[in-house]
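This document opens with one chain alone, in structure tokens, the form predicted alone.
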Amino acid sequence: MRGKVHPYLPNSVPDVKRSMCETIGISDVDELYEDIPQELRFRGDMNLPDPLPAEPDLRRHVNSILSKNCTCEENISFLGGGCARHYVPAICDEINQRSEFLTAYAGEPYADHGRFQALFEYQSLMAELLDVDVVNVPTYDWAQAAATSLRMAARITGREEVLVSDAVSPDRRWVMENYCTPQLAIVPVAHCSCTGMMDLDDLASKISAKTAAVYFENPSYLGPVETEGDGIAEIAHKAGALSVVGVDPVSLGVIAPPSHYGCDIVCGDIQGLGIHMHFGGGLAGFVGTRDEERFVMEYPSRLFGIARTCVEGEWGFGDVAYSRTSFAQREEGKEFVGTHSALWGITAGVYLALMGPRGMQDLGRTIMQRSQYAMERLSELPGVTAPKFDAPHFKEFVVDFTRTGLTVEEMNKFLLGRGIFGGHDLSRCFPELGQSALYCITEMHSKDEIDVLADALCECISREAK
């Protein structure tokens, strides 16, 4: 773009650039990059189209690109695995688009405009849902929250190994490994091939005095609800390790929170709490613990509390133990923490305040009932096993198509032609499951939509049989 005036780039007018160079005492912009070796510098012009100076032309161009997308508004989606379509009440968008929240990046109390209080309320609502004392300001996503939880456990116990269920999402596991290496060794623990739950014998054989934490998810990535949480926590605690559990907060209206079965650190993602999918975005991770100094002082992320001010009868909201964060210590921080997903925390707070305990119960019950119906309908199809695992499920379950003679890829291609996003193909990351797919049912799926899926799959299988 050298020498061009670009309408989207400030200070690209040659006279302006020349004036700026004179002000800072250089003759050419390249002098600013003299520390970069010549062989690493790009020479020539980038292969970019000319800019569109007129805003209507730009809008038309972008809309033509976006029109190629096929969204969950047009298609029926049964995709999950970490980001699923849940209902977003209008008030969630109304509140999070207010300027004092939408544009309130970082900031201090004097420029807060209520953001600290809103996040305090979010933390309080999440703590009630999780039945814990302390919840952080949201971080990037579940993967980082899980990795942070494991690193917290390692610092608390002084140990350098963690045991992680092999039924965790591969994408999440890769982030955890990247985040924890080289300080922590991650050792996989097998899941039972029949139930999909953690294999307690394998866990008992691998836990040792080196183990800082045992991590599993409930419900797991593959769908089963873990019924042996107490047993897992007991094995961990006997070895001096902590129990760390990843959880979908949407499930907690009908499933006991991890704190009720020995969990020391709970984590997860709030995407299902009033947040749009945004092409896979809209994610925000949380970490929750008891209100004990050994836990609180190991949080790397911000915590907001409430305290009296110097004005009689007045209360204020602000950071708790700010000195423990990398914002205060930088290179000496326990972990580096950058941008938080604070806007999504405020949004989830609005959602939880709107739903209340009864609303979360109704939501969980609705999802379980509809997922049960979906499993029953799909299990009636020839050659199909649904669910794959003999265990209770919440909203996700594995469907095994191996005996149909079709691959998941073929199934999903057929479904796409019928306006349906089929389940996530597990055949590559979990080859031992054969031609299986992970299906997700939420409150957004009607009985008719589930029937449409079952009928389309039946048609696909029937064509293969002929």
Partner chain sequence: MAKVRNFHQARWEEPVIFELSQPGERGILVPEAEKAIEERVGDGVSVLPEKMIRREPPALPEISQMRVLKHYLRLSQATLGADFNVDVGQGTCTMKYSPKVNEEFARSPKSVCIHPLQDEQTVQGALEIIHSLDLFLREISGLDRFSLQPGGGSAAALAMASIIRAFHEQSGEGDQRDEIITTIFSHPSDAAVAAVKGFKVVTIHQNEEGLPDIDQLRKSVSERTAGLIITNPEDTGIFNSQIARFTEIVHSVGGLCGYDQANANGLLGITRASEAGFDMCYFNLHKTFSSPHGCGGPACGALGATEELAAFLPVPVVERDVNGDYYLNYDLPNTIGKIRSFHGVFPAILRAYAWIMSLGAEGLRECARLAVLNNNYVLAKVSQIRGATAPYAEGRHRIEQVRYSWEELYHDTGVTTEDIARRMSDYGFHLWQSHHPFIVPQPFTIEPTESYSRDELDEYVAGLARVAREAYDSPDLVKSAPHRSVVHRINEDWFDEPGKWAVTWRAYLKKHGAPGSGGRQ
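Residue numbers count along the first chain shown, from 1. We call the rigid core the largest set of C-alpha positions that still match within 1.5 Å between the two forms. These numbers were taken from a predicted model, which means no experiment stands behind them.
The form predicted together with the partner chain exists for this protein as well; it is not shown, and the discussion that follows is about that form.
Undergrad: Indicate whether the partner chain has at least one heavy atom within 4.5 Å of a heavy atom of residue 376 in the predicted complex.
TA: Close contact exists here: in the predicted complex, residue 376 approaches the partner chain to within 4.5 Å, heavy atoms only.
Undergrad: I'd like to know if residue 432 sits close to the partner chain in the predicted complex, meaning any non-hydrogen atom pair within 4.5 angstroms.
TA: Result no; residue 432 lies far from the partner chain in the predicted complex.
Undergrad: Does residue 297 reach the partner chain in the predicted complex, with heavy atoms at most 4.5 Å apart?
TA: Yes - in the predicted complex, heavy atoms of residue 297 and the partner chain come within 4.5 Å of each other.
Undergrad: So in the predicted complex, does residue 272 come within 4.5 Å of the partner chain, heavy atom to heavy atom?
TA: Flag for residue 272 set to no.
Undergrad: Answer with one of 121, 166, 199, 161: the residue that has a non-hydrogen atom within 4.5 Å of the partner chain in the predicted complex.
TA: Contact with the partner chain in the predicted complex is made by 121 alone.
Undergrad: Which one, 382-390, 200-208, 257-265, 233-241, holds residues whose non-hydrogen atoms are within 4.5 Å of the partner chain in the predicted complex?
TA: Stretch 257-265 is the one.
Undergrad: Even though the chain is shown alone, can you say which residues of 361-380 have a heavy atom within 4.5 Å of the partner chain in the predicted complex?
TA: Residues within 4.5 Å: 361, 362, 363, 365, 366, 368, 369, 370, 372, 373, 376, 377, 380.
Undergrad: For residue 182, does the CA position differ by 2 Å or more between the shown form and the other one when the superposition is done on the rigid core?
TA: Where the cores coincide, residue 182 shows only a C-alpha shift between the shown form and the other one that is less than 2 Å.
Undergrad: Tell me, please, whether between the shown form and the other one the C-alpha of residue 19 is shifted by 2 Å or more, with the rigid core used for superposition.
TA: After core superposition, the C-alpha of residue 19 moves 2 Å or more between the shown form and the other one.
Undergrad: If I superpose the two forms on their rigid core, does the C-alpha of residue 54 end up displaced by 2 Å or more between the shown form and the other one?
TA: The answer is yes; the displacement is at least 2 Å.
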